[in-house]
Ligand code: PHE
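Before any questions on how it binds or moves, here is one chain, the form predicted alone, in structure tokens.
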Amino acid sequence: MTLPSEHSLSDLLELPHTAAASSLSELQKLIDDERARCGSVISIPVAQLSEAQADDVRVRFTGRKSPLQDWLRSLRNFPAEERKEAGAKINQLKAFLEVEVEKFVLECRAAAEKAKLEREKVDLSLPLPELAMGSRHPVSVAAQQLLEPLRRLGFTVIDGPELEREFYNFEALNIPAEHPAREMQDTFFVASQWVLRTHTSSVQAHAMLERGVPLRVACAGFTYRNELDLTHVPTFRQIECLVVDKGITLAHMRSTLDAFFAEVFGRPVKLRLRSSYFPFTEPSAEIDVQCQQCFGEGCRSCKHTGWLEMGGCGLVNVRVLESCGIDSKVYSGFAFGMGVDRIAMSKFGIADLRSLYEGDVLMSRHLALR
């Protein structure tokens, strides 16, 4: 069968001579004619139309220059008592045309695609050529492998905003106005009182204020700091955990960390806590895990120390509890957090953190081997 001539199709798609109406009877005649014209067009076998012709049909009946637009504009010429009914009739026709024409156009495209496959004699049953399949990003894999053991340990995984108010990012966590983290060179300030969160601890502040106690939550997400070197990038993922209940001590924190890292690495690992300072915990410590690339002998990844810093931990500062409406004389808690990127480095033997975010594969290999 041959395609219809452009002349015959253009006759069917020709705009009506009367573009508007001023009464319900005139409008009804125009609507009946338009419906009949559309029926004639979509009754054409789809195999006879090209994709371009199908698109002409769509534009004619549902496009911005279709008669429907003129009819809607002409409603102001109708008597006030007829406008509502006239508008309803036009909208009913519009809904009908959109459904029928869209269905017709899709059928035309499917027929054109089928004809193309037949012309090119493509056998869809043949197996595809070998493709270079992708995989999940190491940081995404590490994040999932961190959250699963936390769920098994009874933590509820929650989320929070990345664009954060200063109160939740600083004040609620006992970070005073003169603290270095408030400096522009360390934090991305977006507007007055708004920052890109520098840690996921801000989610803990939300949880204490909104959920109350007892509390056992874990939060994971992106954080932002103005730094870039072998072990730091401006945008990185963190996972932080918070437990608040009666009688919580450092012993609970240490046993939780031992169980958690044994789950993460699939075997018990050597863990040490170094005394440190964090405004939101007291006492505070850095969490070090024996380097999983050299196992304590010293290498470039661990800066020849045999240990890799994973994050920080400590008992929740009483000022943080009080600022979040929790009685520090009754409740205590511990918190710990770490960068997911560094966990990925240890698990997958990645030497340079920047290679995780370098889009150039050759450059990533260069960074890893340098």
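The model shown is predicted, which means the values in this text are computed figures rather than measured ones. Throughout, we count residues from 1 along the sequence that is shown.
From this point on, the text means the form predicted in complex with the ligand, which you will not see here.
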Among Val340, Cys302, Val320, Ala335, which has any heavy atom within 4.5 Å of the ligand in the predicted bound form? Ala335
Which residue among Ser74, Asn174, Gln238, Thr187 has a heavy atom within 4.5 angstroms of the ligand in the predicted bound form? Gln238
Within 4.5 Å, heavy atoms only: does Phe170 come near the ligand in the predicted bound form? no
Does Phe104 reach the ligand in the predicted bound form, with heavy atoms at most 4.5 Å apart? no
Is there a heavy atom of Met345 no more than 4.5 Å from a heavy atom of the ligand in the predicted bound form? no
Contact flag, Arg225 vs the ligand in the predicted bound form, heavy atom cut 4.5 Å: yes
For the chain seen here without its partner, which of 294 to 302, 201 to 209, 87 to 95, 244 to 252 has a heavy atom within 4.5 Å of the ligand in the predicted bound form? 201 to 209
Output the sequence-ordered list of residues from 278 to 296 with at least one heavy atom within 4.5 Å of the ligand in the predicted bound form. Phe278, Phe280, Thr281
